[in-house]
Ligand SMILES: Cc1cc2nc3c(=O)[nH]c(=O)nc-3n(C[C@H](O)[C@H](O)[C@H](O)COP(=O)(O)OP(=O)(O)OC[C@H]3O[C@@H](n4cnc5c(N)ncnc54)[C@H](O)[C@@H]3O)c2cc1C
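Shown next as structure tokens: one chain only, the form predicted on its own.
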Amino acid sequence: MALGLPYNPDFNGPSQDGVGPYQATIANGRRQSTAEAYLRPALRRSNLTVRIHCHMMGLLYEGRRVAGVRYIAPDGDQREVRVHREVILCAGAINSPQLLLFAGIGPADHLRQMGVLPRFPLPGVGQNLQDHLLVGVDCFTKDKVALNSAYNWRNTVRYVLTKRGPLASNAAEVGGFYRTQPDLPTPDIQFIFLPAIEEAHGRDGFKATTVLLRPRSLGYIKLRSTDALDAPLIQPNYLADEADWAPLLAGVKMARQITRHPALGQYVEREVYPGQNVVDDEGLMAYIRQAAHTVYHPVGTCKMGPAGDKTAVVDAQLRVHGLEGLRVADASIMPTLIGGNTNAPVIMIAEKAAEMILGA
């Protein structure tokens, strides 16, 4: 409150603005991945087969209908699986467009350039890549009050036996949402407070991170080669749009104010990064260029939209435009990046996709 940031006990409530605790997908002291919460309980079903350590490399076609997939098995053999109804692609915002491109679905010029037959030209495949960018303000603390000193055998045994104690923390327990301009319709900056730093070197510290929530910069995914085992070309184009600089810079300045306010500053020995010698915008922008990195929230590369939108890849039912029997259900279908973390929204996309498939 001292800096004008109200307390907010629920970021999913009526207002997102303010600071408070984050909600997380945790049960019994462990983070619940989709594999843990959804897949593991379903493993006993007779209509489910899970094949691991496989690498998908293409689609099987019957005219305009997708009839199955080709993949590389752990022994290196190429195999096929044919489907009676649909193929649901859930490889994420990086690999879903890569797999479509391998299958000849994407920008025709790029596919020809890579030696791939453009079976179904869709210019939006791999385009519209958006991601959250993060910059940290790192501080050493005067006393051992952070998680760096909590990693010891006593706390490890306590967590293993009881799933409690400091090591039960998900680290990113608190944070907030902030508008760098009062007339904005929604917050454009997210803060994540982490009670530990990588650069501790035997000391305790914390990190107050700034996340650019609504970037205008757009990147893309392309094929690097026609080898299915080769990683795709990823060009995020972070900060390519000049409009992204002002909110990120303002967010870092606010993060510094938070760490220097007496309520928190009483625990701070010194700022490690950007460092006390960085005092002007030019220095902060240089630090941002050097230190900013992904929050691992890529979206948008198989954008959802109507058939009239030439950049759209899937329709409102998540069906790939121009084909039958193929849907995409992951973060790649988001037309724009959401103003928050993507884990729970992607689970929601999967829940909605399952409902639509069952109703088809």
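Computed from a predicted structure; not experimentally measured. Residue positions are given as counts along the sequence shown, with the first one as 1.
FYI, the form predicted together with this ligand isn't displayed, but the following is about it.
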- Partner proximity in the predicted complex: Q16 to this ligand, non-hydrogen atom cutoff 4.5 Å: no
- Query: Applying a 4.5 Å heavy atom distance criterion, does A331 contact this ligand in the predicted complex?
  - Reply: yes
- Task: Examine R31 and determine whether its closest non-hydrogen atom to this ligand in the predicted complex is within 4.5 angstroms.
- Result: yes
- Does M304 reach this ligand in the predicted complex if we count a contact as any heavy atom within 4.5 Å? no
- Which residue among C54, L39, I26, A291 has a heavy atom within 4.5 angstroms of this ligand in the predicted complex? C54
- Let me know the one among L223, C90, L133, L147 whose heavy atoms come within 4.5 Å of this ligand in the predicted complex, would you? C90
- Name the stretch, out of 208-216, 178-186, 108-116, 91-99, where some heavy atom lies within 4.5 Å of this ligand in the predicted complex. 91-99
- Going through 328-347 from first to last, which residues have a non-hydrogen atom within 4.5 Å of this ligand in the predicted complex? D330, A331, N341, T342, N343, A344, V346
